[in-house]
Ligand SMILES: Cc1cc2nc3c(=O)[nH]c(=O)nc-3n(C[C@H](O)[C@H](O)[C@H](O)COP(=O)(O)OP(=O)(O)OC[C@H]3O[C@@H](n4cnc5c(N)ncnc54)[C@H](O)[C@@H]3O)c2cc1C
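Next comes just one chain, in structure tokens: the form predicted on its own.
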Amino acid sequence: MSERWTQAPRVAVVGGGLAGLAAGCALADSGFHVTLFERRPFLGGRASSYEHPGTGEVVDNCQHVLLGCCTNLVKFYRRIGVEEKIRWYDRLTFLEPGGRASVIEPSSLPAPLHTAPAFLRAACLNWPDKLAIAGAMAALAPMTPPDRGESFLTWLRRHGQTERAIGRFWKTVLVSALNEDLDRVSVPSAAQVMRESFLKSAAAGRMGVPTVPLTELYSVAGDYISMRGGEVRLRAGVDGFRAEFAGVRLLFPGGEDSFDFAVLAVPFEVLSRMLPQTSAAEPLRQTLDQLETSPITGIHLWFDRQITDLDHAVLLDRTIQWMFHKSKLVAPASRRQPALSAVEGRGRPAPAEQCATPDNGDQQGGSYVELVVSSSKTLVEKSRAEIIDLALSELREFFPEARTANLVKSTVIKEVHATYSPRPGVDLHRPQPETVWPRVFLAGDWTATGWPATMEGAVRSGYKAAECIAQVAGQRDATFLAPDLPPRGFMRLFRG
């Protein structure tokens, strides 16, 4: 720490999601006194879980996964000591209605050819589809195309993609990764996902799934900050701030407090309401007004018997896109910490729709599955009953055992403002961590991270904001960002 500080600088981190937790942990490690404020009674933000009052079950807000290319997220897990709570998979199973499976997995061939043998065997695509996809991949491999205002769907059609290739490959991968429809996705956003996860190396495409509820995973980060002299304040909303010559004053309901620095790690629509009513704030407010959100819906179903042996699967040609077999993925409660209880006011997320059918069956030997619908605009206005009926009808097309299984209980969780929309031109409106106020910095997956709205993007934003503060405070060589995974095989020939 620079000698001009007689004591550890005080840093306020507003927001207990991944961006705020990453910034807080990095700064606490570097000798700063961190106070983290979270308006809800739990940490994790959108990556959270709670005990559902109607079912008595612990549910995640929405299933979150990571890939091997998420180097900063993995570094964050390692920092707080939860890396072993991630289970890694090298195989993805694509299911067609009727149950026919195609497995995509790496081979010993050098990147970007490592998945080519499995891809060629995939029954869900025919030869014209595969040739078209191979041609588009060849166009994306050398470098990420610039943003010329074109949607990725237009780019795909311009590059000769068949409708089946678009529906069963590009849409399946990218809508899940970017939480937006292809006709609203920018070319650089889509290209970045494909290059980092599919082309760069076999290790980059591995999928990691948490084996514990999300709040249990991220509450450890709060303990990490506290053990290093910091403080975590839950149920502590921040209304706004006032920038001062040598610090920042946070404004709370009924009070205020001063800090040397502040990281505002909140959703962009929340930040817009926090900005002071001054001319200095107007450019940032106008920038934030250019950002839009896209929804995600999670459908949780409990059956009285096993409906599949698969841990997870990609579901083709229907509304539901992924199946995660939570009763196989999540460790038994007897080996976990006690869950937060929504009944006690500790864990109910918002916005969400949380309803359940009565518990009328024994779950021992049953299946608990979560179905995910990204960019779920068509479901936002549907009722819980309509969504459950739709999900059951489609699920039974993929898993014959589900046709005879009894649904014991269910719930639907809608995240209406889940992520920012990566539409063409949006990167021009994603702000850097620095602001017009020298002691105020921004973090969030919607900031200029170079990544889409992912957990990796959120952690990167937190580390970038923390680096800015450390350098202003005199730690000139402070670096928290982890390097990207290096390209392998033939991908090393391209500059990216």
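From a predicted model like this one, the values you see are computed outputs, not experimental measurements. When you see a residue number, it is the position in the sequence shown, counting from 1.
Another form exists, predicted together with the named molecule; not displayed. Remarks below refer to it.
- A single residue from the set 33, 64, 439, 429 has any heavy atom within 4.5 angstroms of the named molecule in the model of the complex; that residue is 64.
- For the candidate set 55, 449, 49, 454, a heavy atom within 4.5 Å of the named molecule in the model of the complex is found for exactly one residue, namely 454.
- The chain is drawn here without the named molecule; in the model of the complex, the stretch among 103-111, 258-266, 220-228, 162-170 whose residues come within 4.5 Å of it by any heavy atom is 258-266.
- With a 4.5 Å cutoff on heavy atoms, residue 458 counts as touching the named molecule in the model of the complex.
- Using a 4.5 Å cutoff between non-hydrogen atoms, residue 425 does not count as a contact of the named molecule in the model of the complex.
- Looking at residue 15, you'd find a heavy atom of it within 4.5 angstroms of the named molecule in the model of the complex.
- In the model of the complex, no heavy atom of residue 433 sits within 4.5 Å of the named molecule.
- Here the marked residues 19, 238 and 419 all reach the named molecule in the model of the complex, each with a heavy atom within 4.5 angstroms.
- Heavy atoms closer than or equal to 4.5 Å to the named molecule in the model of the complex belong, across 280-300, to one residue only: 296.
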